[in-house]
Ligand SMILES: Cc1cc2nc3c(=O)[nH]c(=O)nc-3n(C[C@H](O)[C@H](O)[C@H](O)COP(=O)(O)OP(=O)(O)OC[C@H]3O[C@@H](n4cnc5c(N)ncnc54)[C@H](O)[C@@H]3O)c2cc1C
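Just one chain is shown here, as structure tokens, and it is the form predicted on its own.
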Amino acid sequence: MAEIEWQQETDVVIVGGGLAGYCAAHEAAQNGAEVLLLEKQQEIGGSTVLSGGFLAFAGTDLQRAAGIEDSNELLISDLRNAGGHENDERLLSVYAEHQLDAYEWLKSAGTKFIGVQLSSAHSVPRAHATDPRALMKLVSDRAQRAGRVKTLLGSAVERLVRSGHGAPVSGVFATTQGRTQAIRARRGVVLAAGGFSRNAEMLKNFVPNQSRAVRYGGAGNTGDGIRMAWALGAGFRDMGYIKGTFGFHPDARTQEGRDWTKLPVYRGAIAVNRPGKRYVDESLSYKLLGDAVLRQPDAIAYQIFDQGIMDQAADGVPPFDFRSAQRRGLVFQAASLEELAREIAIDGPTLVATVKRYNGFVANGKDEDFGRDGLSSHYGKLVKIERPPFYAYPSTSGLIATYCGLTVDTEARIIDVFGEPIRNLYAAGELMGGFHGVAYMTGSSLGKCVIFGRIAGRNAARAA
């Protein structure tokens, strides 16, 4: 390869300005590196600011105050079970080892957690809720205050640079301010560019079964980081396990914005299809529920619940803020189940019979149709749907994030198809493979961004 004429130089280049990228930037700067963060959009945040704002931590002061007993062992067990035991156990152990430190680090940055919620794949409540936009601003501001971080917006990284096969990655080609530049990274490059929920070709190649899901996520999530590492021989993990998120409102097909996902099923609601019948154990991971709804007529379901479940809404916590969805006109309400059925254009007697049968299961303590025995992962007591008014939330599957990608080791180094590290190249955030396995536990994605973003930044700064 011809000698590169570098237009810029820095110690560490970080590709992507979401939560993982800025956690990496802060940690690299704290370890003495000069950092250049390149974000192709005109604003930072990526998919982070579209998320529900949950982070999965175990054994925190908030849990103890609420009387919730949790531990690293239970956290790993839940991650393993959610992932169908296809996860890389080493990555789960790293997460557990660093998660409480990450929690305290976020609090020290000013992050305000507004409670702990039970959600997908939790055997105890551990989704620590915060405002994702506020979280993103706090972490990015903290990185900038380190004094060694420079951010360039509207800067698309197109290729990784190395002098030849087996050589360390030495920089990137990026288009910034209208011209392509070669930017040298004296120590390392961190890929934190998100997944590929916006790349129709990659989705078709890897998961054609998700074609009926709503494609969402950060506008820049087109798989850039994955493809650049792929070109250098990077290995992949979990690509065939990509799933959408259940509870996504179908209107999101035509309207942008966050806060489209509601999950009353984890408060006791049932899910019925257009014929008005249950079709799944509603306590499963919302990734498995996402696959299940895609198999229903028109890929549409309705989460049916009553006033007792509405009263359990958590204002300001997006997946459980049912009242805000109602104010936006997204929730149907009726005085009776028959009237609710008319509102959502399904057969009234069938819906009434479905709810009556389910209430009988609750009374008898056994769901004879689908084996549901809790609100989530066998935790929480089932409740009858009997107190008017009654509600319906239209739901489909939304492909908000792809939760798969590049093979990494416990140091966040990217590993090639032969099991060798690609020198001076690291990954963090959504484009990491191997962590989630077949499905996803609520809060583990943002938690993973913080934990592995910090590890990647630290190790990149220390690289020769």
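Given the structure is predicted, the values throughout are model-derived calculations rather than measurements. Numbering starts at 1 and runs along the sequence shown.
The form predicted in complex with the ligand is left out here; the points below concern that form.
- Contact check for residue 424: no non-hydrogen atom falls within 4.5 Å of the ligand in the predicted complex.
- Contact between residue 250 and the ligand in the predicted complex is not found at the 4.5 Å heavy atom cutoff.
- Contact check for residue 325: every heavy atom lies farther than 4.5 Å from the ligand in the predicted complex.
- Heavy atoms of residue 78 never reach within 4.5 Å of the ligand in the predicted complex, leaving it off the interface.
- The stretch that touches the ligand in the predicted complex, counting heavy atoms within 4.5 Å, is 429 to 437, out of 410 to 418, 24 to 32, 61 to 69, 429 to 437.
- Shown without its partner, this chain lists 103, 216, 305, 302 as candidates; in the predicted complex, only 216 has a non-hydrogen atom within 4.5 angstroms of the ligand.
- This chain appears without its partner; in the predicted complex, the one residue of 276, 394, 125, 220 with a heavy atom within 4.5 Å of the ligand is 220.
- Taking the partner from elsewhere, every residue among 17, 403 and 443 has a non-hydrogen atom within 4.5 angstroms of the ligand in the predicted complex.
- Shown without its partner, the chain has 38, 39, 40, 41, 45, 46, 47, 48, 50, 51, 52, 53, 54 in segment 25 to 55 as residues with a non-hydrogen atom within 4.5 angstroms of the ligand in the predicted complex.
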